[in-house]
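Shown next as structure tokens: one chain only, the form predicted on its own.
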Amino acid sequence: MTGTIYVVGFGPGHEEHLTGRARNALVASDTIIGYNTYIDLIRPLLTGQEIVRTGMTEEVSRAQKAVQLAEEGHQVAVISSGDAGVYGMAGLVYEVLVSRGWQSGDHPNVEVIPGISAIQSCASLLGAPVMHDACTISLSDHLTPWEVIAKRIEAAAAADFVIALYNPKSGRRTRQIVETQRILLEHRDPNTPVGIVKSAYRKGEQVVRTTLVDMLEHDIGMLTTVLIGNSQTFFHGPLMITPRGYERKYTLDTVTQRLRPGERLHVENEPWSLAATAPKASRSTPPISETPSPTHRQEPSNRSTLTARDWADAALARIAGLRPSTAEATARAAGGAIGSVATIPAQTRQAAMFEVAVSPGVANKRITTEQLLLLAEIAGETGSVEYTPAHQLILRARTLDAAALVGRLEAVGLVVQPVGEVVRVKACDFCDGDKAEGIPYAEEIHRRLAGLGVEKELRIGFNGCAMSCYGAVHEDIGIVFRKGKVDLFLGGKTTGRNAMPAQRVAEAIPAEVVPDLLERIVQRYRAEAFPNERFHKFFQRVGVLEGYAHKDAPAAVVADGVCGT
């Protein structure tokens, strides 16, 4: 029997939006493979198939399992929400097959079944925001470098695309949406319409209509898609609408039209078209102005035709001439590059939402009145201050000068750290200083490691005595200080169904060697961790860190409840 892999996009999640072909593929399959949440969404449609379900970040193992089963002759459905070919499983399944030497037409068969992607489902709830050119950009930088994502945002913003932001924010990945807003505000009006849709056509659906400058005031997470309008998008009551351009040729409120059907495609009735605005082929420079822009590349004198770059320069110059109030035109008039903040006058720039973690110190837990007043002043009416379990406050505030803001915070004795996927060092209060012997070591570890970028947030917990009342042994790396010696714990997991304490890998290590030891461990994690790999999984995979061997935790024993349920 020839095996088949159906890569199924099931749309938003409601069965009414599942295509007939997708239903048939699910019925024809003997095995369904998917992320836990997706399996739960389609469970009512299943009829006894074997289910292989995994958690977040296990996409590769799902694709590999699908290929293995299909090679054995099984009919396998790999499911993705939305469309399987848009940030879904289709590409990864093909990549795994290609890595095994598979060619199109080989065994197993593969069929990608399309579904409704989030840009479409969310747009339908908002009205008609993607009636004109639009693009999708994922803000997840777990697999794509942020530098690449930022360039794509910059390009889409400058080109006036309607933009759908996928994976805009997670619990640990919070800075990307803030930086995205900053980039967009360099090119778009602050009042540009924005639609924020959570869980489209699912339980808990939420639809928010706001503006670009205010969008961070609303809840945005991994279940959210953010639609940014272009320069023509507008709100009409609850509807978000992007015109296609019909008003340029048609009168929408009368039956009689100015142009007859046969006249509508004539060049003279389309003064904005390429045929009407492009330079003549016989000219050597675009006929936009007598003086070319600073970025324009002159054609060699022995050539009578224009390159694609000349045509692009001509179009951009015309746009700048027609819309001199935009940041793009301002930058070009000053001789700068599009989107360069340095070339845009300060009065045209928008204050970005700056996000940073602050604390009075790694051992000090007391915040002074002066510090609290400054935090309140900086946050103002549009920012916020949020307490976190890492003994830090997350400060969000709008500013044009992040460096000056950090300087003000540090001037009153606050420790300032980045947020996101970084090393966090938290310690107990050392019994208000009564057990202060371990504080210098905690502060040295904090100085060396806190704020370093890592694949997934890594928490180092430091307890000042064997009581361990601050729970250091449950963190990724735990340190328990005992009379000049340290017990070291590695690989804790604080949340989830398989939460577990860290393994005690060493006792009575001399305290003075611990900062160097931890630095080596953290640097190896930074250098060798797989994308999105948490520290406890990294420790399990590599097996040995600095001579300390990983040991599998004993299997959990599930006892019957006393009530018999």
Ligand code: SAH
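The first residue of the sequence shown is number 1, and the count goes up from there. Only a predicted model underlies this, so the values are computations on that prediction, with no experimental measurement involved.
Separately, the form predicted in complex with this ligand exists; it is not shown, and the next lines address it.
Using a 4.5 Å heavy atom cut-off, state whether N364 contacts this ligand in the model of the complex. Taking the distances in the model of the complex, the answer for N364 is no, it never comes within 4.5 Å of this ligand.
Is Y441 one of the residues lying within 4.5 Å of this ligand in the model of the complex, judged by heavy atom distances? The answer is no: Y441 has no heavy atom within 4.5 Å of this ligand.
Closest heavy atom of P193 to this ligand in the model of the complex, within 4.5 Å or not? Judged by the heavy-atom cut-off of 4.5 Å, P193 is well away from this ligand in the model of the complex.
In the model of the complex, does L223 have a heavy atom within 4.5 Å of this ligand? Looking in the model of the complex, residue contacts with this ligand include L223, since a heavy atom lies within 4.5 Å.
Using a 4.5 Å cut on heavy atoms, which of Y470, W102, Y166, F354 is close to this ligand in the model of the complex? Contact check passes for Y166.
Could you work out which of V419, L488, L458, V86 is the residue within 4.5 angstroms of this ligand in the model of the complex, going by heavy atoms? Of the listed residues, the single hit is V86.
Heavy atoms within 4.5 Å of this ligand in the model of the complex: which stretch in 228-236, 195-203, 490-498, 390-398 meets that? This holds for exactly one stretch, 195-203.
Going by this ligand in the model of the complex, which residues of 448-475 come within 4.5 Å of it through any heavy atom? Heavy-atom contacts within 4.5 Å come from no residue here.
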